[in-house]
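Quick setup: one chain, the form predicted on its own, written in structure tokens, and binding and motion questions come after.
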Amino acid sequence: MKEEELKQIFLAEAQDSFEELNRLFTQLEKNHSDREATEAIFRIIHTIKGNAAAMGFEDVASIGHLLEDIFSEIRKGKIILTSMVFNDLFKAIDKLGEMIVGIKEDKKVPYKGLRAKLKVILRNLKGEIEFEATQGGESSEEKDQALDEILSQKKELSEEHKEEILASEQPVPIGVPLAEEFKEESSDKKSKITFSDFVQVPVSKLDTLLNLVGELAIEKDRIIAQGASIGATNEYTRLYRITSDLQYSVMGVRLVQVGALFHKFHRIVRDVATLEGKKVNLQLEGTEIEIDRNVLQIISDSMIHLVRNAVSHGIESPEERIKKGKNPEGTILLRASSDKEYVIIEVIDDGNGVNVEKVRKKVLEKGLATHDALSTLSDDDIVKFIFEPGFSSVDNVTSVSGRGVGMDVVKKAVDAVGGKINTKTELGKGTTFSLSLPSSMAVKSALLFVINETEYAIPLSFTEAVISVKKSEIHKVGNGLVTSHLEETISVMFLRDIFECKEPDDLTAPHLLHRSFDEIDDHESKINIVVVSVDNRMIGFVVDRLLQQKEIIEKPLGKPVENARFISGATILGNGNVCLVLDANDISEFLFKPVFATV
């Protein structure tokens, strides 16, 4: 995260905390025994001190540290709250507020007088506490221990003694000169209300705003399409520009840095590694890359599965790694990078890698594929079985992994946001899971085409090429079709063959995928094919007519068609027509799963 952005976030939180402190101090002044207010004040001051120290604002951290010490003693009942004490504490809070504003305005605020005052408040009220042990910006275990030892030597104040203090209340500190800037504040202090430059907005409101902007974008396309029929004008151009700027501005508000997720894995890796008796070093790269907050939230559980599996399945024990000549400490790298409209998140480990032969054996045991079917698959295709529900290549079930729950959830989550997941593994050297995720779920670049006079769209994230081949270049192989593209053999599917099925059982009809192909008599006829890539497989979707590339606002399908196969959602085009968006992952599963299931 950029330093200036972090500073703005700190200032916003500090300003909110300052306002809350004023409210709590007023509440505590009315009721000195309000334990809840005392605890809340202590927590807020502790947070301000910690955040300020992390940001390098030592002045604020130093004052926060002293206030924290004072309220630590108040919590223990070792400091009696009097009106004089409250006067000083209010002045201290005012000074803290000034220092926060000073950071914002890059203005140095004198505070040494306040620091001396706070020290003497404690010394005077507690009886000459040696505050040298607690001086400095950050608390430390040694300092806290030293303070505790000093305080433990002091006798608890008796009720009689407390009454004496209240009766003989006098200004503090006694005999200790105050710094000039602190003296002047008491007389010239003017009330000033400061507002934060940040406004906190619930995500639900942003979702509503984005939906409205999406509706506006659809209307924009419709109006501009109508305008085009009567001649484009400058007004339409201006409308297009303003709505586009508005749309991308709202999308930008929802972007968060992947570091917000990555940094949570330090603890997860530590806990799993401790449980498994392993040594693992977590490295992060690209934490500043931005992605839609909803995408990050949806894939967060998937990331947890991947990282936990990397520690549990991938990284070997220190003893095993030493035998292999590796560093006893394994490494997991979380890396994020941008690729046009997509964010690539990689989970890389230098562990043992996936044992393909072990996966092949488990596939046969579970009856997920026949021996003959497996013999035709590459190692990469066999590794994809780890994403099957309930699949696990681990013999022993542990508290972390081995129950076959997780990797299928990972794939479903990635599919749900229109992303892709690829796996690269090398036995003995490690595994890389690469998640290609849309940076925003609001707008997708898509390729539009026509089948049976109906418009469809497919996200460009799946599209590799658009080619035109003769019928004579397409060949029947088993129940399917194949052709050649870039010297590779790819499967070909006439999309109308599956979209014309009226009943689910029709999808299992023999030679279903040959129907449209057989209806073409001219072997020289040109056939339009959209080549897509799904799970590292190239597939050619045959369409009737290609239209254009276009940014679309995809909406989920509503009831009763929310579970329609092969369709992920819909959008409305400028001509007012509803355009269905293809679910390339589902079509790929339909095309290839029957091969595995013919046991």
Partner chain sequence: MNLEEPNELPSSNDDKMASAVEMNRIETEQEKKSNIIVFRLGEEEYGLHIDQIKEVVITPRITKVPLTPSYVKGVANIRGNILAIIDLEDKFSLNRTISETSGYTLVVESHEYNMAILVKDVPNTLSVADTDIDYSPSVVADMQGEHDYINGIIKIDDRLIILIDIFKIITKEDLKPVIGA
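Residue numbers count along the first chain shown, from 1. Predicted model only: the values in this text are computed from it and were never measured.
The following text describes the form predicted together with the partner chain, which does not appear among the structures shown.
**Q** So which of 537, 43, 555, 545 gets a non-hydrogen atom within 4.5 Å of the partner chain in the model of the complex?
**A** Checking each option against the partner chain in the model of the complex, the one that comes within 4.5 Å is 555.
**Q** Please pick, from 244, 338, 211, 422, the one residue with any non-hydrogen atom lying within 4.5 angstroms of the partner chain in the model of the complex.
**A** Only one listed residue qualifies here, and that residue is 211.
**Q** Of these, 329-337, 453-461, 467-475, 83-91, which stretch puts a heavy atom within 4.5 angstroms of the partner chain in the model of the complex?
**A** Checking each option against the 4.5 Å cut-off leaves 453-461.
**Q** Please tell me whether any heavy atom belonging to residue 35 falls inside 4.5 Å of a heavy atom of the partner chain, as the geometry stands in the model of the complex.
**A** Residue 35: no, not in contact with the partner chain in the model of the complex.
**Q** Heavy atoms within 4.5 Å of the partner chain in the model of the complex: does residue 248 have any?
**A** Close contact is absent here: in the model of the complex, residue 248 is far from the partner chain, nothing within 4.5 Å, heavy atoms only.
**Q** Is residue 198 close to the partner chain in the model of the complex, meaning a heavy atom pair under 4.5 Å apart or at it?
**A** It does not: once the partner chain is placed as it appears in the model of the complex, residue 198 has no heavy atom within 4.5 Å of it.
**Q** Given that the partner is absent here, does residue 580 sit within 4.5 Å of the partner chain in the model of the complex, heavy atoms only?
**A** Result yes; residue 580 sits at the interface with the partner chain in the model of the complex.
**Q** Just give me the residues of 295-316, first to last, that have a heavy atom within 4.5 Å of the partner chain in the model of the complex.
**A** Residues within 4.5 Å: none in this stretch.
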